[in-house]
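Presented as structure tokens, the chain that follows is alone, the form predicted alone.
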């Protein structure tokens, strides 16, 4: 496979770079924090700026207000934004939701939400995990019961990223207890301002607020805000999780490359015992090894992207890429701490912090990445079963 950019893709990359030069990312106000995934912080203003360029809907079918441009332009946009450190936190979730609405949304969802997503005005949080239903989402207890032309939702969601600053939630619920275990679930697109929703912040290791828990107490939702057929929400959920693992991690390689470049510059300009740190052969080898891992990570995602583009089945590829992305991020953060020495643990705001305290932030945020979006252990089982044909459960000894 040739992963080099085509002339059209390179021209689009130049267009994105010009946009970033004319609209420096640091000038945009932030509504949510950077959780270290590579997509930067959450900025409604930046999303609206992307919408004004037509980039949020550029790959949608023309029938839904898009330009029917090639999917790979989305990859180019993500890479350039990540390399620049832009605050595009809501972008991947908005794209995933738009794709789901285009595929099986109601007329109301298509009419009301697609234009808002295209303008950068609608952003989304995921109401999937619950206190006792994380890796096993089928154990959820949140229920929705039909009441005429509405559904009444009761339940409790947790670890919902951006819930306090996003306009809508994707709420996964049980709508029937009579169906077999993998059925009887439905997804709803619920405005965050709907009465009965209590969204509470969860403070992270960094002291920032990125995740939220959401209590749903008699939340009344119109029936035409259900996403997909009643009782078949689990299929939509699985598709959404695979999409999240791809689109929600694709930009990790360019984001890590940006961090690596800062560490390389630090090694070249920091003098230790009378010589630049970069003259230490161990430092050079470790930085070079990390560059190789980041390059391999990028190739994993582009291989999965080619399969998506060509309509080929994806069974385990996103699981491989997601695990490798998050563990590579943790390795780079640890390397950064070691390279900076005692200054590495100093956090943002400290006068003595080096590289603006970003390495300490990267380390602390990276710890949860191998849990969020599917734990590394569960995803390795996915690779074993779907990718290698191994049994789902090991034989008891």
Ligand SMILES: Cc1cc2nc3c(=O)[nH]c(=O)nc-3n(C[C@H](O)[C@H](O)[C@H](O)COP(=O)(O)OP(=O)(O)OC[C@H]3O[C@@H](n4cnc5c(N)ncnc54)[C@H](O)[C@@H]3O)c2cc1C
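Residue numbers count along the first chain shown, from 1. The shown structure was predicted, so the numbers you read here are calculated from the model rather than taken from an experiment.
We do not show the form predicted in complex with the ligand, though everything after this point is about it.
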Problem set entry | Heavy atom contact within 4.5 Å of the ligand in the predicted bound form, the stretch among 365-373, 25-33, 50-58, 334-342 | 365-373
Exercise. What is the one choice in 173, 126, 123, 318 with a heavy atom within 4.5 Å of the ligand in the predicted bound form?
Worked result: 126
Exercise. Which residue, 161, 194, 106, 142, has a heavy atom that falls within 4.5 Å of the ligand in the predicted bound form?
Worked result: 161
Problem set entry | the ligand contact in the predicted bound form: residue 377, any heavy atom under 4.5 Å | yes
Exercise. Can any non-hydrogen atom of residue 270 be found within 4.5 angstroms of the ligand in the predicted bound form?
Worked result: no
Problem set entry | Non-hydrogen atom contact residue 37 with the ligand in the predicted bound form at 4.5 angstroms | yes
Exercise. According to a 4.5 angstroms non-hydrogen atom cut-off, is residue 210 in contact with the ligand in the predicted bound form?
Worked result: yes
